[in-house]
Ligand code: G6P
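Just the one chain here, laid out as structure tokens, in the form predicted alone.
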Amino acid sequence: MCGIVGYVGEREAVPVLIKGLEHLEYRGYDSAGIACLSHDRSKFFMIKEKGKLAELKAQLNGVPPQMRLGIGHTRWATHGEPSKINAHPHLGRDSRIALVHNGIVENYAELKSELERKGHRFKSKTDTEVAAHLIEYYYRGDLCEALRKAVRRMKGFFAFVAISHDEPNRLFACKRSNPLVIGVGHNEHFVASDVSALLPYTKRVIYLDDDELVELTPDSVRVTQLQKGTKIQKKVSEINWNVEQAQKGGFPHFMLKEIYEQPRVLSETILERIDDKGNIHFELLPKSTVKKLQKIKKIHIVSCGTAYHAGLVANYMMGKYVRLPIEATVSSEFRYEDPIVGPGDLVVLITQSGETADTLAALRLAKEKKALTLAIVNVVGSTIAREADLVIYTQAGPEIGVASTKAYIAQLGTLALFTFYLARLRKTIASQEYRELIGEFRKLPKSAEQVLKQVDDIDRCARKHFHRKNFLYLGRGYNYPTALEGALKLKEISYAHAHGYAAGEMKHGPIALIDEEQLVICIAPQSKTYDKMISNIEEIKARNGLVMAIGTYGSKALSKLADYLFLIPNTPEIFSPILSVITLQVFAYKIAVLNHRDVDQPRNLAKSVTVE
């Protein structure tokens, strides 16, 4: 969840670390800190501050020069409250090593008690300080060996980056589950949780795999097995996007920029996946897997948060067109429910970051049970992408706003195309219907642009209701998950209470909430349940409820009933979630801004959830 950066080379280390942390702050912003080896190598120069990175930067006036080795950290708190003393980096007992950490050492309490009996005293409440003391306990002038010995004692998931003032010009890092990427430069090397921190300096990267340890010097990269020390040859990859893609581009927030990028994301999905003849291509699905996909007996869709809502939409898609038993499950439930899954099953794992801890654990469980695994993921080279049997990249580009928008649209589009691809393989879709659906899919970018032309109207609606504390979202069929996603967006960034329901369940409880005060958002595009949605809205209006509706052009009944109506172009029901959700994203954004929330970095949240 936290962000890590490290540097060794010929530049001044502090500016490199701060710029890296600026790109990683989306991963956590409870506190931040850096530690560098001072020019005389006698001690660490270290500054830590509670709060966002700006608080740390404010303390960095008059930083001493000639520091060429350092580590930095931006924190999302797990053990110990957000505070200066709990901020990273942490030092060992004798301050010989400095450590930053992303993850959780699950048996830290046991290790802490053992170290306290040996005379160690701790300043913070973090598991990371325990790890620093344990590593230093084993330190005899070789930090690689100390890390190996300490990690053997630890349970949990982690990424560590460490330096020692006894080993100048050396930086050490290792990982288990949580991400680390090495940046390869000329007479300099970098390490970070995310490639975005590396792009100002290099596009050449090495992805560390689990239980690997790297030693970096200005002119060398040495990767070994964490446990045994065996040397490993690693491939250097080239990143094909630049740092400018991660800038706001004139928008006040990353989230709004990313909402407006959604038509482009859909266009690029079409260009990448559909050829001139209407055939769908996934370049990373080898021909050898076609027979396996043709023979699968059940599909499990596993994901968290917004990606879970994409999975619920895919449940409807695949059920209709692939005609197999489909089961969508939250990742954290899948891994603990002893799922009935095995050979002959396909487990589809959906994740923006490719590092989500629960989804990664679900992937590994599925592989243990010999199921075929497919990752639908945005971040190239991420852990889940590397470990799954098959991978389809959604290619939404870097998404910086914590609340997912364009990554969700990319997931929905990719899942629709994979559904049609699989249906053709299994011969469960007629050729004419397939061609018609592909033709309609091609219209989605322009349709999304049409939806975004209503932003001013959405803003006017938001201005009338931003003060409300409770919102109810209703949808049916494909748009029941849209109701869940719309409610989640509002909760994430405005902190209002919002709840999504299947509209058919309204009379089983939620109708008791209807009054003149609560706004009810009804997602009611043309569909086989449109008439049922109209009946639900009439029931709301009969109880003096306020209704904001999303419908399709020409929805006369909605125009008579709704207090506020926003429209999407005509599209097959299967694609309506892609267009309907855009209005809900904008509405949530406007409500949050009017309430003066931190839209891109909402409280208590982080972009990549790499701990359970």
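Each residue number is its position in the shown sequence, starting from 1. Just so we're clear, the structure is a prediction, and the values are computed from it rather than from any experiment.
Another form, the form predicted together with the named molecule, is not on view; read the next lines as being about it.
Partner proximity in the predicted complex: Pro263 to the named molecule, non-hydrogen atom cutoff 4.5 Å: It does not: once the named molecule is placed as it appears in the predicted complex, Pro263 has no heavy atom within 4.5 Å of it.
Distance check, Ala606 to the named molecule in the predicted complex, heavy atom within 4.5 Å: Judged by the heavy-atom cut-off of 4.5 Å, Ala606 is in contact with the named molecule in the predicted complex.
The named molecule contact in the predicted complex: Thr414, any heavy atom under 4.5 Å: Answer no; every heavy atom of Thr414 is more than 4.5 Å from the named molecule in the predicted complex.
Non-hydrogen atom contact Met318 with the named molecule in the predicted complex at 4.5 angstroms: Taking the distances in the predicted complex, the answer for Met318 is no, it never comes within 4.5 Å of the named molecule.
The named molecule in the predicted complex: contacting segment from 508-516, 232-240, 106-114, 298-306, heavy atom within 4.5 Å: It is 298-306 that comes within 4.5 Å of the partner.
Option touching the named molecule, based on a heavy atom within 4.5 Å in the predicted complex, out of Thr356, Thr419, Thr126, Ser494: Exactly one listed residue reaches within 4.5 Å, namely Thr356.
The named molecule: the contacting residue among Val402, Ile182, Leu312, Val151 in the predicted complex [heavy atom, 4.5 Å]: For this set of options, the contacting one is Val402.
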